[in-house]
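Have a look below at one chain only, the form predicted alone, in structure tokens format.
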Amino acid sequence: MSYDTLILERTGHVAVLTLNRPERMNAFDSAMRAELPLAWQEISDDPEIRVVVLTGAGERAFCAGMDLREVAAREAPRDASGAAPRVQITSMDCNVGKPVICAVNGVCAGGGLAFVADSDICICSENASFTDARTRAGQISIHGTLRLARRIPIEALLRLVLLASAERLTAARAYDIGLVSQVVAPDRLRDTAIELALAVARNSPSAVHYTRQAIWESLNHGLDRALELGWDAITGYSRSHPDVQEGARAFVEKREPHWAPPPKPGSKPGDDS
């Protein structure tokens, strides 16, 4: 499927999804908001895709958030109840269930932080920067920042949203607070992200799926409940899944394993037995 505001490419078991509005710093307008769920669904439905790299077109920006020119030009959309419709642009918004590596090139601002917050791994280029000017523009900063509150120090996040455009994190500062896990030269960003994705793609798709599912879901629970659910996942998976024995045999026989097809999004351990 082709898109007007996105580019979707495949490299083996890795998909590269590029936000493609460089003339607007890859800000998402109504067209991109409509296309992102379709692209995520295409990725979710393709069993050959095991990992996704998400990045932005051009060198200036990863994503500048919502296109405020469009917002200023028309009344905000409402649903039948009069409420603003929920924005669903990230892999988690769309329940993709596959690992996402975010490669931030240049500016990441406002709603663009949602892509960072909902990624499994985030790396950036040396010229990347992070800011959230939504409160300065009269908007509530919720999308992305609530999940970031579980990933970075709370004061660092509050500085970002309360100081708005007066606070801009450099790549080095983003690394220091754990917003990103690696900083690379701009010309190495895409290749590094793909290398990481290919390394993830070598692993059992099912083991990766259920591991990340348990980790993300644990954030909704206290530790005791999270451990209980995690043990249930291990029990259900180890009893029936063929990758358990295949991984052990491949290790002993010193060969590449032949993994079972990946589970469907939302699957629980034992569903694919």
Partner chain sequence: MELSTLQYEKRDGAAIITLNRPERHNAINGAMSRELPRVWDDVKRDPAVVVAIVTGAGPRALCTGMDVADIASGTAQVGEAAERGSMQSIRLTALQTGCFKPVITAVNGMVCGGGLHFVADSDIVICSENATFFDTHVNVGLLGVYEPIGLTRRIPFEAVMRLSLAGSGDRMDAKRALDIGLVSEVTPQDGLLPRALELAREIMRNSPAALVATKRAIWESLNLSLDAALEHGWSAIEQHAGHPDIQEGARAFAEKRAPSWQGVSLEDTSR
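This is a predicted model, so every value here is computed, not measured. Numbering follows the first chain given and starts at 1.
There is also a form predicted in complex with the partner chain; it is not shown, and the following applies to it.
This chain is displayed alone, yet in the predicted bound form one of Trp40, Phe28, Tyr237, Phe62 has a heavy atom within 4.5 Å of the partner chain; that residue is Tyr237. When you look in the predicted bound form, the only residue of Ala128, Leu179, Leu113, Ile89 with a non-hydrogen atom within 4.5 Å of the partner chain is Leu179. Site residues Pro99, Thr211 and Phe251 are all in contact with the partner chain in the predicted bound form, judged by any heavy atom within 4.5 Å. Partner proximity in the predicted bound form, defined as non-hydrogen atoms within 4.5 angstroms of the partner chain, places exactly one of 169 to 177, 154 to 162, 130 to 138, 103 to 111 at the interface: 169 to 177. A residue is said to contact a partner when one of its heavy atoms sits within 4.5 Å of a partner heavy atom; Gly58 fails this definition for the partner chain in the predicted bound form, lying far away. Within 4.5 Å of some heavy atom of the partner chain in the predicted bound form lies at least one heavy atom of Cys122. The closest non-hydrogen atom of Asp67 lies beyond 4.5 Å of the partner chain in the predicted bound form. Asp243 belongs to the set of residues with a heavy atom inside 4.5 Å of the partner chain in the predicted bound form. Along 215 to 246, residues Ile215, Trp216, Ser218, Leu219, His221, Gly222, Leu223, Asp224, Ala226, Leu227, Glu228, Gly230, Trp231, Ala233, Ile234, Thr235, Tyr237, Asp243, Val244 each place a heavy atom within 4.5 Å of the partner chain in the predicted bound form.
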